[in-house]
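Included below are structure tokens for two forms of one protein chain, each presented in isolation as structure 1 and structure 2.
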Structure 1
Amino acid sequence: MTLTTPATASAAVAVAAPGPTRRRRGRRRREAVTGWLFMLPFAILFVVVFLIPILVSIQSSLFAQQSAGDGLYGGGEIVDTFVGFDNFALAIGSQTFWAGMGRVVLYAAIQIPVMIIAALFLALLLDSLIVRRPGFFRLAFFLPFAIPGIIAAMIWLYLYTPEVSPFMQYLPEGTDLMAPGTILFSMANMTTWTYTGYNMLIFLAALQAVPRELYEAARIDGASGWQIATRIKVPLVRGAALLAVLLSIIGTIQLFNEPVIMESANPWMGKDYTPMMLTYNSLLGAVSPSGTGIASAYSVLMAVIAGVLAIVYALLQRRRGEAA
């Protein structure tokens, strides 16, 4: 007769344990491999369409296109010459670049608050019990975003042109929506019309993620619809508002479609009205200095400015949230 002591039993358990442990590790390894395989297409596209262009742009900004040869005009052959940070020095010292940046900052100060408030209002309206067919209105508000930006800008240019506009004749005499003092407001209206529905969906998704029991508890406590909207819904979509504003800041720095179309009918704006127009026309050689080197330097500088503005805004919002 064999007696099993506690020490013998512990040893038996220790011998039997590695089997399930190995199976568990193998299952986790297979799950990890499956997850990486699902993420692989995104990772490849992220590297190809995002990281590689950034690296190429940074590399290009360190070179300048100069004529080679000993002739009067260099022989006519264009070669890439390493110039280090000279292109960045030109970009930072360009008054034209900073004038355009000042315009887009002023544009953002006008357009972004109006668009965010309008998007939040529409989201609150669709999330309330007032609207009977929210799906229809959600699609209607989002529809302008589905129109390509160039087409939308051409439509608004038609509406702003007094000779063909269907409503300009009803405005006070002398009204010019494309004058130097009003053209920023006109372009802000174009962007607001296009992107309000897009930002509305961001707010609406955040509102629909809030448990409905919270609203019911507030109603039981006697809260009105206005109190629920202002004291519960609006504070809970602060994260969505941060996302919407950050995307708007980045998009505003890249303002291009609207000023390009408006410049086609208003040559006084010039080819360098915004930083993105300056970058594009520098690449094409329409403004001086030109070439891929200086254009890449403008692009990198714009990216840095957009990143700094986004970080500053995010930090300010975080401090405000902690203080509240």
Structure 2
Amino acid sequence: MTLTTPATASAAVAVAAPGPTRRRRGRRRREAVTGWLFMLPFAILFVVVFLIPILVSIQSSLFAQQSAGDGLYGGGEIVDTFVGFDNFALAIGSQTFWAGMGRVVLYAAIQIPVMIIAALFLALLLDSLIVRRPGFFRLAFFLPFAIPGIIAAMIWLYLYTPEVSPFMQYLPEGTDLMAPGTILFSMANMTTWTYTGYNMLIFLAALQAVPRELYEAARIDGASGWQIATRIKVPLVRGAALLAVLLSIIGTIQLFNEPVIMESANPWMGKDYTPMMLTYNSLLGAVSPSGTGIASAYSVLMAVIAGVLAIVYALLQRRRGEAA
């Protein structure tokens, strides 16, 4: 942004400023102060809600909660003891943590591609003039996003429960959608149901920003509808797809609502089915080791893993983009 807009320039001339540079410097300072004043409320809350928790999690991951041991029954008071990187050693060496991480990564590897491809496919269909008024479909596909994840999970839990479900009786005899081998897919279906329409709207918005003349020109050059979709439209929404996949990876690492609901009906899943469940339950003391220290160590580790996965994915995409 330039500071010498016509208005200020003419004003400066009219006043015949004694020192235009000093005047300009004063203006610039005033602008900086005003800018910061407008930033301030958000900045304060951002520090409270984002920056301090990051520091807190790092700091608290260096302490463990141990009983002092001098109580009447050997229990005594719980005290914070500095343990250095012991919590990280515990977390990294924890089989339950990596088992949960494995489930989450498998879940992401199945669910994200299915959801993104379905969303892209539906967006292309709605953008392809197959239906003249896509408004109804757009709303219908987006509706599940209005239902909170935890409530959607309750609904699907009933839909998977043979006695209540309206459709289980039509599936092959003995189908169990909540068995150890199928439950991950059943939960992936919940997430897909909720977020496909949302991602479709993102793709649709990106597609509709493209001038229609581009497609007409391609038509005149003899391109088929299929070619227009795959050669022009799909490459045009690459940026939106990259962002959608990144956000989905980050969301999946924190998978919590669906497994918590599923676990309430299928206790065999355990309190440590996903890393986020493990973290929450170790904070609560429902799994061992417990306490804020180890919970913070899990959180930091998960954040690092999410960051690494997101960066690896973004780099792979960039390389593919350059090769294409």
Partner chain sequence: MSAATQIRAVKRLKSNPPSDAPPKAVAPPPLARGLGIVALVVATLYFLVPVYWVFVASTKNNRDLTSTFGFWFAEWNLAENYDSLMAWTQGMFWQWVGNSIFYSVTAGVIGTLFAVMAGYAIAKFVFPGRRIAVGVIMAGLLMPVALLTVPLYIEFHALGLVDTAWAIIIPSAVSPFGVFLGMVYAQSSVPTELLEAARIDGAGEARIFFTIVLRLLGPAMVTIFLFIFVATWNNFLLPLLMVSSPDLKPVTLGLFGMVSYFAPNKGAVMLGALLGVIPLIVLFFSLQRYWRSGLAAGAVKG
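Keep in mind it's a predicted model, so treat the numbers as computed, not measured. Here the rigid core means the biggest group of C-alpha atoms that line up within 1.5 Å when the two forms are laid on top of each other. Here, residue number means position along structure 1's sequence, counting from 1.
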Of structures 1 and 2, the one that is the form predicted on its own: 1
Rigid core superposition, Ala229 Cα moves 2 angstroms or more between the two structures: no
Large Cα move at Gly181 between the two structures, threshold 2 Å, rigid core: no
Superposed on the rigid core, does the Cα of Trp268 end up 2 angstroms or more away between the two structures? no
Aligning on the rigid core, one finds that Arg28 shifts at its CA between the two structures, in Å, by 7.3
